[in-house]
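Here's a solo chain for you in structure tokens, the form predicted on its own.
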């Protein structure tokens, strides 16, 4: 799953859970049944899980291109240079 796929999954999860929560609340309120409300919400959670947890192919439309190991050896990692101390120079 690529970065855009992760963003899409996050948005889908939030949208599906909010929609299932609102639908469950409305149906549960109109039927005056807490059990119905919880079953509808649980169905929404299961649907959301089926849509977002598996690594579906449409979540990998923008794959990252990694360097080959031989190419990575040609370009060594940059070395960290310690920063010079910042002392104020007083003017006299």
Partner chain sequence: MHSFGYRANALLTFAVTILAFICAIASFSDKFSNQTPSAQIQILNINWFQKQPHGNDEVSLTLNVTADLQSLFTWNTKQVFAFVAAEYETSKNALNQVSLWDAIIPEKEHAKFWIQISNKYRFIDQGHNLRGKDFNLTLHWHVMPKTGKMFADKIVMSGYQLPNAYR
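Bear in mind the structure is a predicted one, so any value in this text is a computation, not a measurement. Positions refer to the first chain, counted from 1.
Form predicted together with the partner chain: not shown, discussed below.
- A single residue from the set 61, 67, 53, 39 has any heavy atom within 4.5 angstroms of the partner chain in the model of the complex; that residue is 53.
- Using a 4.5 angstroms limit between non-hydrogen atoms, residue 4 is distant from the partner chain in the model of the complex.
- Residues are counted as partner-facing when one of their heavy atoms sits within 4.5 Å of the partner chain in the model of the complex; in 2 to 27 these are 6, 9, 10, 13, 14, 17, 18, 21, 25, in sequence order.
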